[in-house]
Every structure is written in structure tokens, then in C-alpha cells.
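Take a look at this one chain, the form predicted alone, written out in C-alpha cells.
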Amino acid sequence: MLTSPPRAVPSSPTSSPTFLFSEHATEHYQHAIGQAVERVCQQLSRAPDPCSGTSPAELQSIMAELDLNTPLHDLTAVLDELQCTYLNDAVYFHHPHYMAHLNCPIVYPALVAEVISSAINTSVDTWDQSAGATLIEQALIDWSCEKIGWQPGADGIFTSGGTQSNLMALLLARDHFCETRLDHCVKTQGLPPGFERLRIFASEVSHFSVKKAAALLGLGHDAVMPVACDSAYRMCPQALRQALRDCQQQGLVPMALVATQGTTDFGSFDPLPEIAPICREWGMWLHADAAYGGGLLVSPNYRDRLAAIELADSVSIDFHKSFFQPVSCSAFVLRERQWLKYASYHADYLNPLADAQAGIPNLVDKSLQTTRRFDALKLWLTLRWMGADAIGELFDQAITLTAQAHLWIEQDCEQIELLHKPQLSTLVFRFAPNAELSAQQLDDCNRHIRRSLFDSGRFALAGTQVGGQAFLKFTFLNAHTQLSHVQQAIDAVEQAGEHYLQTLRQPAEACA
């Protein structure tokens, strides 16, 4: 059998210019990328748990010994060091026992895109820096708007995540309200007299980024009015109407409403079919925060849970959650392209007004960022390679698993208290044994369970508070996670809980 001769390993560059990526460095580039990929693959093959359970102090002691002013000058040595400082103790979201936050395993077509986009290093702020990348991003924005159900004339921009998207939504809502209702231009004149009366409405379980955005926009946390939820943690339309009447009686001015489509803790959907008419009646901007639930836009089975999302004025979508893309990959889209003018600025050296008048597509015209990565390429390659239905099926599997886990716990786990019936892929619960425990002891027990499981490295679960009480939370986004993995996790929760109860009993037994 004929075999190819072994390929020579290129020696490390010896001068700074040779490290620059160009046609002269392709051999070194290919070798280095190959070495890095090999390290990652080796780590995945030998990582039995989602995390190592290391402590900050342990890693800080390793970091303290490093001298950043003394380079290692050798890729193998650099990767060996990285193994100790990062790879060994990273949290691996692809593992079926990772059930904590809204971190998804990622599809490898998107990783191919990352290799390409990082090497070319396109910045998609202006046409003369990006060319075809601009058109790819715009095509994906148009595709997203079409999936929502908007007519031509809708638009948007890729963002760093839901927090930035929500900020952009409320910025446009504020400026649109001030222009159309107060004849005031915030962009040039600043906040209008009486701005402290403006109010934003959101459910009591909405994302914290709504309050952060209000603060950044000069309105303050107090401008966000929490609206009561029903038993399924959805905004209650009757409570909204009452909150609006109360607001009016106090001389306050309703400006915008954020309807969450997939809350972080409960995966609940504020009822847009009932909320949208109320917003129209009161002249409020309606923003749908679908950072989590936006994946249902391509769901074969659960798309109806986004009912009436087309009635929103703007929408947040995190592709790096339920579309299985690497961080960061998100979008802010809105029903009317003209509203993006509130975020625009024309710099003579970068995106002069003459470019816009000539039809040159400079995406910085509608972005809060200037320099911006070509994150759209990840979603583009995924759609062109896998297809939208395949992405939706992955998310559907996570939603189906959550329903299965809820049913099994409800029927078979006497020591587990379920808080809600899931609508998406999160499940809030807690260890609640029959033993007589104070409320504080029960909270401490559940916090201990989460810490002990993470410290062991075996399972990564999230924790939250509901009504001042401590709960645990599963978040499922991994199609490799099966009901058997959930059952193992619940067994571990109960074992950790029983162990904690033993520690409570020991002092009492010692006294006896």
C-alpha cells in the first residue's frame, strides 16, 4: 500500500511579522489550528463530567504563578499551559449532565463558520469593510422578519445578545414616543421635560435587562412597572389593565411594554393575543423579548406558542440559545425599518449620509455598535448546511424532554416539589422531604444540593428564588440529554439532600 510521506511540522515563527496572518503564514496557521482542534477533541473525549468542580482559589493560585511578560515561544507549551488554566476546568455545555443555564450545545457547521470569520476578520459596520458579509447578514434579518410574519419593510440588526437587543428596543420606543407624542427629538435635544413620568411595563418575572436598559436610558429602575402574573407565570392582562389605570391616575405616562416570550426561570409566554390590543389602545410600543423562545420560529411542533408575535413592534431573538449557535449570535428586529433612524449617526469618515442616499448598505447606520463581528455567518452556514427544520427539531426534543421529566417527577418523586408545568425547556423544583424543616433550613438544604453537585463535577443545575424561597432549576437545550440523565440527576439531588439532613440531625443526636 502506498502511503504519503509524513508532513513536516513547521517550526515556530521567530520574529513578530511572521505571526501576521497572510498568504505567507498559511502553513503555520493550518498547523496551529490543527493543534488547537486536536486539544479540544482530546478534552471532549476524556471529560466524564460537565465540570471539574474546581474553586476560584485553586485556579487563582495557578494564574498567580504566570508571568504575562514572559512569552513561551512554543505552541505546545502554550497549549499545555492553557490546559491547566482553562480546558481542564471549563464548563462543558455539550455534556448531557449540564442542565443549568440557557447555554446550548452548538452545531459544528457554526464552528466551521467561526474558523472562516475569525481568519478573514470582517467587520460588518460598512460595505467597504465587509461586502458580501453585509448582504448575508441582511438576508438573515429579512428571513427572521419573514418567520415572525412581518411584511416587507421590516428590518433589524445582529446584536451581542438579548440584553443589547432589549436596550435597543426601549431606546427606539422612548425616542419614537417623544417624537410622535411630545414633538421632541431626544437624539439632538436630550430627555424632554417630564421624562421622569415615562413608564415601561413588564411582567414581574421579566428579564433583569429591562431595568438595566431603563437605567441606561436615563429613566431609572423605578420607570419599570411590574405586572402581576397568573399561576403559569404569564403576564395577566387584567392586572395590566389595572396597572395602566393606576399609572394614569398618578399622572404617569405609559410608554412601552415588554412581553416576554420564554421567561428565563419558567419558559412562560406572556399572552400576546390579549396584550397587543391593550398596547394599541394605550399607544404603547410593544416589544417581544423572545431571546429564549425565539427558537420556536423554526419549530415543527410548538410554533403556536409564539401566537401573535407578528403584532409586536420589535422582537429580540438569541440564536446562541435555541438555534444552537456559539456566543454571540443574536438579533434585534422591528416591524418598521424607518424606526431605526433613532439609532443612526452618519460619520463623514465612515458612513456619510451620501452613502445612504446612494443606496450603499452600511449596517452601522442601524447599530448601537460600530466595529462588529460577522456573527451572522454562523447562522448562515447552519441554515444552508442543516436547514431550519433540523434546528427546530433539536429545540423540540428539549421541550419534549422537559414535559417527560415533569410527568415522571410528578408521578414518581415524592420528595421533589414541582413549581409549574413547563411551556418550554425549563423546570423549577426543589427537594422537599417530609421531615420537619423550617423555611430557612429548606432553603439552605436546596442551596447546599446545588453547590455540592457542582463541586462534585457530576451535574450542573441552576438555582433561583421564587417568592423569597430557594428552588433548583433544570434548563434543557441538549438533544443528547435523555430522561435517564434527568432521573440520575434527581437521584443525586435526593442523595445530596438526605446527606444534608443527616448533618442537621447529628447535633441533635449528640445532645441527646
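Don't overthink the numbering: it's just position in the shown sequence, from 1. Quantities reported herein were computed from a predicted structural model and do not represent experimental measurements.
There is another form of this protein, the form predicted together with a small molecule, and it is not shown here; the text below is about that form.
Heavy atom within 4.5 Å of the small molecule in the model of the complex - the one residue of T402, S144, T264, S299 that qualifies
Exactly one residue meets the criterion: T264.
If the cut-off is 4.5 angstroms on heavy atoms, which of these, T426, S314, T260, T382, is the one near the small molecule in the model of the complex?
Contact residue from the list: T260.
Is there a non-hydrogen atom of K321 within 4.5 angstroms of a non-hydrogen atom of the small molecule in the model of the complex?
Yes - in the model of the complex, heavy atoms of K321 and the small molecule come within 4.5 Å of each other.
Is there a heavy atom of G161 lying 4.5 Å or less from a heavy atom of the small molecule in the model of the complex?
It does: once the small molecule is placed as it appears in the model of the complex, G161 has a heavy atom within 4.5 Å of it.
Given that the partner is absent here, does S203 sit within 4.5 Å of the small molecule in the model of the complex, heavy atoms only?
Output for S203 is no: heavy atoms all beyond 4.5 Å of the small molecule.
Residue-level question: is N166 within 4.5 Å of the small molecule in the model of the complex, judged on heavy atoms?
Result yes; N166 sits at the interface with the small molecule in the model of the complex.
So which of 149-157, 409-417, 285-293, 117-125 is the stretch with heavy atoms within 4.5 Å of the small molecule in the model of the complex?
Result of the contact check: 285-293.
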